[in-house]
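Just the one chain here, laid out as structure tokens, in the form predicted on its own.
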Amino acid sequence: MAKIKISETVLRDAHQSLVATRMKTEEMSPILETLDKVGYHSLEVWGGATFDACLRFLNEDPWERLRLIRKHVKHTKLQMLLRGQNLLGYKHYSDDVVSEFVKKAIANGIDIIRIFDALNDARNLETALKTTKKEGGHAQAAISYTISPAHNTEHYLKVAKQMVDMGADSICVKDMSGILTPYYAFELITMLKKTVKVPIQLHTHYTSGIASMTYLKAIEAGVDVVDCAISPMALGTSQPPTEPLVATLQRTQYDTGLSLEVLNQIADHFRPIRDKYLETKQLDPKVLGVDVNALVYQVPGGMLSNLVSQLKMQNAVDKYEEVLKEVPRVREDLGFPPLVTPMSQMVGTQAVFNVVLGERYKMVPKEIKAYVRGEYGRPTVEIKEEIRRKIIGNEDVIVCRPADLIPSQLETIKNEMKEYFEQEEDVLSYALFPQVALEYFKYRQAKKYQIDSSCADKEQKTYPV
């Protein structure tokens, strides 16, 4: 049995899950070279919500962050999370934008790209996966794990085979809700190892309190790599802690070979950062506990907090339990989509509308209508005609790959933002988040050319904290 490898998430998913992706580059940079000494399989450093948060909240260039990390991390592979045809945004982009983004991500230092689609529609991975391989990167295709009558072992094996046939270098089981139970993990990993001949990685969250047990059973079943977070930024809605797993596997056939002494140095760096987040209330102690609602309703931790926020805005916090019960009903209506970005936000919003307005589907967000029209891809289960008609009436449903209907966008985008162009990567920042990128470009320009320091300060205050 091969030694277990660990991907460390502290520079991406750990702080995305605990503090809404607010960790600054300056908080990361002093520990990068120590992280590089550990011997991790990879460091997850980019993608997910980090790109948006850098521009929107931190006044940072996400590309510059990546380049700085690559400069200091010379021996460990750098990994990112990509939402397939959605890239790092919330809608589908044209193939030329997707290809260019992947090229630039690899050119700036990314080695491994974990590519997933919220619906497990393999067609939405195709362009990103092919470009990753063409550019010399490792293309890891991720299965979005969920529970429903349609999401059984047979379904997941079928998806994995599709991904490998497309050229995936490895497969990740991505359990964003923390609902993969230990004994089912053993069954699923065992069958995946028999079905496909590429490495299998497992990603989960501690939300429901079962994640470390799930990892142990997956390890016994032959999983190759697991995702962990250094202890000060672990647990709760984050990943299982790195050090306890390393200690548990020492002097066994699964021994990671990682040094607890070096890991302790890393923990010492992040401990005061975590304390600062708690003190400033960026880190809510509530997200560090066990939430059994994740197991009952298959709702990710981040989605739970979003539901509370939406209900507060509607002065309807008393309807929280009712909304939680409505989420599975909406999900069933919509063909059992996995509750991962952007589907988790969409299903949650629809559940809130259904409960607060007292009538199901009286109001339907445009994103839900687009989803029902097939613009996000193919649902696992076909949406019932009654629900479809209620949401989109007699409109047609597309059956082709959604991006086939999107014309090339790159040249148009270049022309739109040419006034602020400083590097080729700026075009992609603007493509993903036009308004947010524009505000950042103005701030950067004011700062660079010292147009008026008060103007720069004013610009900075436009970003919420």
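Predicted, not measured: the structure shown is a model, and the values here were computed from it. Residues carry their position along the shown sequence, with the first being 1.
The following text describes the form predicted together with another copy of the chain, which does not appear among the structures shown.
Engineer: Where does another copy of the chain sit in the predicted bound form: which of 162 to 170, 131 to 139, 284 to 292, 362 to 370, heavy atoms within 4.5 Å?
Structural biologist: Correct option: 284 to 292.
Engineer: Can you tell me whether E243 touches another copy of the chain? I mean in the predicted bound form, with a 4.5 angstroms heavy atom cut-off.
Structural biologist: E243: contacts another copy of the chain in the predicted bound form.
Engineer: Wondering, does V225 line up within 4.5 Å of another copy of the chain in the predicted bound form on heavy atoms?
Structural biologist: Residue-level check for V225: no, no contact with another copy of the chain.
Engineer: Look up in the predicted bound form whether T195 has a non-hydrogen atom within 4.5 angstroms of another copy of the chain, and give yes or no.
Structural biologist: Output for T195 is no: heavy atoms all beyond 4.5 Å of another copy of the chain.
Engineer: Does any heavy atom of Y206 come within 4.5 Å of a heavy atom of another copy of the chain in the predicted bound form?
Structural biologist: Judged by the heavy-atom cut-off of 4.5 Å, Y206 is in contact with another copy of the chain in the predicted bound form.
Engineer: Looking at L311, I383, I391, L249, which is the one with a non-hydrogen atom within 4.5 Å of another copy of the chain in the predicted bound form?
Structural biologist: The residue from L311, I383, I391, L249 that makes the contact is L249.
Engineer: What is the one choice in N108, S148, S231, S94 with a heavy atom within 4.5 Å of another copy of the chain in the predicted bound form?
Structural biologist: Result of the distance check: S231.
Engineer: Could you pull out the residues of 96 to 119 that have any heavy atom within 4.5 Å of another copy of the chain in the predicted bound form?
Structural biologist: Not one residue comes within 4.5 Å of the partner.
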